[in-house]
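Quick setup: one chain, the form predicted alone, written in structure tokens, and binding and motion questions come after.
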């Protein structure tokens, strides 16, 4: 399949808003997490979490136009605007532009808010606004409407594999000639219910995330969005996406040993333990999840880090936390390529390969 060129990158997360904020976080080191505040079992509680602020969206879209847009869709809309701005494509026709958004959790705050309204008021009086924003494809609808995108629109939800699956579809659209450009993005949000579940299952996260402590739980939940504007021009300062694949891990060392890999190792042993089977001894690895936290579509932010690395000609300082296992080595860009890898708790993996453009 023909590679896709990355023409623009838009990101929002705990590190801030835009590629400059992400670059600064990568240079200086991750910020400490904030606090997610929620009420559970009759008492107030809080926990460490990497939270994103969509307030800068006001620079692109008026408050009036977004008064009924929820946090989830605001994150997506901000990431999309930033990617178009970065590519110099905020103006102009968009009938040749496709939109694909990946999400693992969907609009969790609004979904549980709608359920609360059903419990409190019954089916006939449940909130129609909350209902319309609670579906997974609400973010894609808001982005398409606000940015006047008239090309095909798709939402992909495959939990931890959502990013690789959605990106494979974006590459197929470009290869088929269905559109000449694709605005690809991924977004997930935190909500009090997810915070409560994390606290009950894993306890209070103490942090920091230790990406390469593969068999120890160190996850700190996060939220954010990452968008890329892709086309088939074959040239870009951010490099090319050469392929996106999904598969099942059958044996040790399925990926080449001479590659460089960014792992979405976010402190969940049920997922991270599979990297030892997937990557061979001596592979070059890096991880950057302590900059934005743990969430299903975090691989999209790994992808943004890889794009910045190709632009700058070197990978930013990795986050190790402790000695690398399995004889792995710190990754480099000597070969002009890097592969973003994620694993889920069922032994499935998703890979996205980037090369210099």
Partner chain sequence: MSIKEKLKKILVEELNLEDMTPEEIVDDAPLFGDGLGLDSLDAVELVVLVQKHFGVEIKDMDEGRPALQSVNSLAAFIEAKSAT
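Positions refer to the first chain, counted from 1. Note that the coordinates shown come from a computational prediction; the quantities given were computed from them, not determined experimentally.
The same protein also exists as the form predicted together with its partner chain; that form is not shown, yet it is the one meant from here on.
The shortest heavy atom separation between residue 63 and its partner chain in the model of the complex is within 4.5 Å.
Interface membership of residue 128, defined by any non-hydrogen atom within 4.5 Å of its partner chain in the model of the complex, is confirmed. Not displayed here, its partner chain is kept clear of residue 28 by more than 4.5 Å at the level of heavy atoms in the model of the complex.
In the model of the complex, its partner chain sits within 4.5 Å of a heavy atom belonging to residue 68.
The stretch among 195-203, 232-240, 160-168, 117-125 whose residues place heavy atoms within 4.5 Å of its partner chain in the model of the complex is 117-125. Shown here without its partner chain, the chain has only 74 in 69-96 lying with a heavy atom within 4.5 Å of that partner in the model of the complex.
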